[in-house]
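A single chain, nothing else alongside it, follows as structure tokens in the form predicted on its own.
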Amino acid sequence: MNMINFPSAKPVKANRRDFLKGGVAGLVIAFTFTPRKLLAADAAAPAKKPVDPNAFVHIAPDSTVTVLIKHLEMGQGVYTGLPTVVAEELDADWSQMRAAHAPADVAKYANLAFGMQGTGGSTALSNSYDQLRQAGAMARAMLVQAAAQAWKVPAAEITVKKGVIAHAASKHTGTFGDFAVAAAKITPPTDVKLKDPKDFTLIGTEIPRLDNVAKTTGTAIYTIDVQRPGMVYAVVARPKRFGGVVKSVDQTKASAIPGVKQIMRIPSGVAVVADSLWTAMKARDALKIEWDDTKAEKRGSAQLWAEYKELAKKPGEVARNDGDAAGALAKAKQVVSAEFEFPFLAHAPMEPLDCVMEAKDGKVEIWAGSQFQTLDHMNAAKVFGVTPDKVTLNTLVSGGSFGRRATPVSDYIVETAEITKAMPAGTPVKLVWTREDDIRGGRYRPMYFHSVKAALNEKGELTAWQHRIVGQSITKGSPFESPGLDGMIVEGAKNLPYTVPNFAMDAHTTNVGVPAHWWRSVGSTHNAYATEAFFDIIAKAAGKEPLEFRRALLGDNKRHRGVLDLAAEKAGWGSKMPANSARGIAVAEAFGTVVAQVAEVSRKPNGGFKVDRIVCAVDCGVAVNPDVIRAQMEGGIGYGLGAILHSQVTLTNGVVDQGNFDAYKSLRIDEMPKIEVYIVPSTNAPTGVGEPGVPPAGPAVANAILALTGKPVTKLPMLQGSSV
């Protein structure tokens, strides 16, 4: 434990630097923990071994309570969920609560699942829950002790309710602010008692989000909003093919455009700096660049698919092998098989990548929606040749990410650093990636090919499952890389929840020059689709009812059965559907959260189909804020539907074909179905909800189409060249 003095809290929209500058001292709670290595199996599990001082609670003299958030607020609700946990144990009134991003400091703010500061894997609430409950309880105990000393009464007789400290017998009352300074001088308790969940007054309720007002009134500060005196704007011309490098540049016309400040080569291409973003973009268009594609990726999508399918004919690296799947398939009464194709996918966050940077006198300051603060911090320092303590990283709220901002190489941060370093000292630089920059030159959910076989005996029982996946590693070259097969390739399939006596899974890791990256729900985005869609194909071949077939094979997986039963009940599973419509069901676990969804689809007069309704049941442990959970399920379903219906990145001779939302299509507003979300009551520690709503949406729709048409949907996206 240690105590640090911070100034009075500022509103959520305030710059974090202002919050950290000097001012009136208050009470701050921090912890010290020992490191924990990331394990794929428990990345989203509640953290038991914290990492250095990484949770701070500030109680200011004006009674506001500010929670420093070590995770990136990118729309998923950490600015609300994490303060709720503190407020609960502190017995604060919700109107007192504030949130601010913590500074980049791995020693204090490491994500317990990663061993570094960063956000991902739906870990924010799960790894901070116990820590922040303790922080709130510790702050409460210190305030009570300070009040007891001031009033000369026993601490045990003091109560705290909605931010009011009281002693009934003496009729003394006070606010948090009355005792914040005195409490800061008290030795922190080494052991505090946490509330019994039955006594929760805030956790489990639908309190309003702390960032709602700022975001809806436009006062929230995103990186795109940051303005610095004398700031210039930068864009980068990058090669059309991944792996290409600059051979020559003719900048004559670009340099002649008024407002252009500088044109320079950087490792990723050619940067243009100007007095406005529009001028920089015009100058970039005027550049004549000859690219050296000697080492570039030149294969197109068709060639890659052909190579993937050939690889799928051969055994790959073993991921799991139970029993004798090959033997069971050889003896089967019936063998069911399917092949699935999943294209490259872009993240396409609403706010494209951007960064503001300023360097002067050996110090660097950064403003960005940083998702991997530790890596961004270190990579920027490396470019400038300074130690990380010379770099200040201000994390700002971001307009979405879906994994895109969590880049191990910190691409957009490093580009800004390269440009800023080349500019006159003290020149603030704002780098912006346009939508086309990100979709054509970004990082992608890899394309994957699945080959799956199942064995049925005379009774229609599932006796074997053989599964082969072909695709790129996401962790290769990142801090998460480990020897052997990348677990992200097989997650969501290797841990099949169904009891199958003979199960074999292997994978081929392909070498493709297209940059691979985690995408919302990572491996489960394609694996849940392949396994759950294939499950209905098996059920159809066996003459089994899909829901009952699942329930029979779930064994002791009570959580999976629980969400399946809840979703089925609320959707009216088994009841008669209108003509030309059908239901499909799917269940998936991702990052410790189990989600089941029932999709209802109807046939359009033109022969296509429409997703009319999705009923979602989620088991995510303690529901800290049910409204945020519902919002994340709804958003995840919409995001997942856009991917399975429309989205794909394709290559022609190594060049990306799409550039903006006209070609890289997302879900349109008139396509959004009616969504109902039901949360399984639970007293278990909370698990993440930012990503797990995505995986079941696709297979639930595919299974509804199978029920409607009798034809499986095995090639995505469904509405662009698929079998629908």
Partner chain sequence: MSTTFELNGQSVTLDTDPDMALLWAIREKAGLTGTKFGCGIAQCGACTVHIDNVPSRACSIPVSAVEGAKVTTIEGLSGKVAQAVQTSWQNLNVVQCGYCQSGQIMSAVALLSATPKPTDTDIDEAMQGNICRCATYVRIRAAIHDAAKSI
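Positions refer to the first chain, counted from 1. The structure displayed is predicted, hence computed values, not measured ones.
Just so you know, the form predicted together with the partner chain exists too; it's not on screen, but the next bit is about it.
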Which of 548 to 556, 483 to 491, 210 to 218, 420 to 428 lines the interface with the partner chain in the model of the complex (heavy atom within 4.5 Å): 210 to 218
Would you check, heavy atoms only and a 4.5 Å threshold, whether Ser95 touches the partner chain in the model of the complex? no
Using a 4.5 angstroms cut-off on non-hydrogen atoms, would Met350 count as touching the partner chain in the model of the complex? yes
Test of understanding: in the model of the complex, would Arg630 fall inside 4.5 Å of the partner chain by heavy atoms? yes
I'd like to check something about Met281: if you look in the model of the complex, is any of its heavy atoms closer than or equal to 4.5 Å to a heavy atom of the partner chain? yes
Look at the candidate spot formed by Ser398, Gly635 and Asp662 and say whether the partner chain comes within 4.5 Å of a heavy atom in all three of them in the model of the complex. yes
Glu307, Asp130, Asp506, Asp225 - the one with a heavy atom within 4.5 Å of the partner chain in the model of the complex: Asp225
Which of Ala155, Leu277, Ala332, Val164 has a heavy atom within 4.5 Å of the partner chain in the model of the complex? Leu277
For the heavy atom contacts within 4.5 Å of the partner chain in the model of the complex, list the residues of 665 to 700 involved, in sequence order. Ser666, Leu667, Arg668, Ile669, Asp670, Met672, Pro673, Ile675
